[in-house]
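One chain follows as structure tokens, the form predicted on its own.
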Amino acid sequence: MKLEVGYIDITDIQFSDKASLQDGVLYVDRDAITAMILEDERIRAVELDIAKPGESVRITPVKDVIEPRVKVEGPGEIFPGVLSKVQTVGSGRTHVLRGAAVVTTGKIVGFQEGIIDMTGLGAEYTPFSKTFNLVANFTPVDGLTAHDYENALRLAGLKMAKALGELGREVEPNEVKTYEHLPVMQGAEKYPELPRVGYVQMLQSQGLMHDTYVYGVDMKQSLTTMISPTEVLDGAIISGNCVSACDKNTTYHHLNNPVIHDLFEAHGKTLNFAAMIITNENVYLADKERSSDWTAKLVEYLDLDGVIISQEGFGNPDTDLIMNCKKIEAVGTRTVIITDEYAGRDGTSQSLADADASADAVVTGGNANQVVVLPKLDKVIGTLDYVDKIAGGFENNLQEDGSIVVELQAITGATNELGFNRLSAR
């Protein structure tokens, strides 16, 4: 599959009476977006705001972040199986509004939601302090269940991203990149001397409010399977989960998965990016055994020389991570795992809830228990009502001077396990 991605650089975002994209400036019709959102009877009200890099703005509690995109050529549409029919994406051409993002917030859905600061210390830990953000602050109707509220927010955010992406359909991109993923045998014939490397992406699927969707299907309903990496870059996977903000893969993370990008960059040079496998993270031992067995079987079937495994979440999923690592190593394929650590505030506790001697090549995204003090900012989009309840917060952590004491766990993307962050160890 061959996908062309046209990157349109966004340099500013403003509200306007007419939606358009001109010379890098994204003009948003506030009334039109509001009307579109309120078509969902589950949402009573929505406030739209803008947060730009360097502004004294805090967004919390953050649910999801989505990058605006539009399919301009080829089969399918953006976010297939959710906003459009189920049709395979990953080929043709897609335009991306690079530097723009939709951020959803509002009354808390689950306790594992986060903070985005656009300036100050907190901004150093989140990639979304560098994006021009259209923020939607939602108020649900009374009595709406958490699951229905999450669904309403998720769909609203995706619709907003699609509407903004549509503005880039006829715009000439600043840069066009081509990503091509060959069938297994064609790749082997074209690069016979290069090591065959695969990518196993673990998707959060540990139960209610821990959901990741592939072509609109909750991944917990699927066995381990294969997917083209170009499909992922084209919107086949979206986030719907409430894992800790620091290592949650938002929809933006899936669309810009750096493991995929780096493997494509090395493809045909130092390695053959031969296959991508997606697997779920489970609650019960039998399900963990089943999924990790299938992962190892697929790796062996594809005759891969090496595999990168990325995790999402922590604690219970550490067992899935180690099972995948151990079983893949047992079939003769070397592994590198990407995770983060919950090593205690002093860094001396056990970093993972599970371990094995076969996990001898590890990339870390940092210690999520590290404590930071976020300074008071001039403006809050959302509410501070939950900063003591979200994962990484604690009682009385909102100080009299307006500053907030939290673990990195509370900052969206701080220790992301795709490596989409600035922390690691050496």
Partner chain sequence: MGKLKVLHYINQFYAGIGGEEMADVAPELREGAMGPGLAFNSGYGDEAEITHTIVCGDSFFNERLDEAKELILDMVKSVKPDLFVAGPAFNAGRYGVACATIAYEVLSQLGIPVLTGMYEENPGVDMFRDKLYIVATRNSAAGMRDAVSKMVPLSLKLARGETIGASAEEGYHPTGVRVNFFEKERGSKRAVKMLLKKMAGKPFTTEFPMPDFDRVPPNPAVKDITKATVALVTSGGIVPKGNPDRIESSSASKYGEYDITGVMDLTAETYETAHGGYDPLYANQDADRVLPVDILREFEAQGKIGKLHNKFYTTVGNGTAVKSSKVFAEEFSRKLVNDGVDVVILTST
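Since this is a predicted model, take the numbers as computed values, not measurements. Numbering follows the first chain given and starts at 1.
We do not show the form predicted together with its partner chain, though everything after this point is about it.
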| item | value |
| --- | --- |
| Distance check, residue 183 to its partner chain in the predicted bound form, heavy atom within 4.5 Å | no |
| Contact flag, residue 389 vs its partner chain in the predicted bound form, heavy atom cut 4.5 Å | yes |
| Distance check, residue 270 to its partner chain in the predicted bound form, heavy atom within 4.5 Å | yes |
| Partner proximity in the predicted bound form: residue 346 to its partner chain, non-hydrogen atom cutoff 4.5 Å | yes |
| Answer option from 139, 174, 350, 178, heavy atom within 4.5 Å of its partner chain in the predicted bound form | 350 |
| Among the candidates 293, 303, 166, 124, the residue which, in the predicted bound form, approaches its partner chain to within 4.5 Å (heavy atoms) | 124 |
| Answer range among 376 to 384, 390 to 398, 64 to 72, 43 to 51 for contact with its partner chain, defined in the predicted bound form as heavy atoms within 4.5 Å | 390 to 398 |
| Output flag, 8, 11 and 128 jointly within 4.5 Å of its partner chain in the predicted bound form, heavy atom basis | no |
| Interface residues of 75 to 104 toward its partner chain, as seen in the predicted bound form [heavy atoms, 4.5 Å] | none |
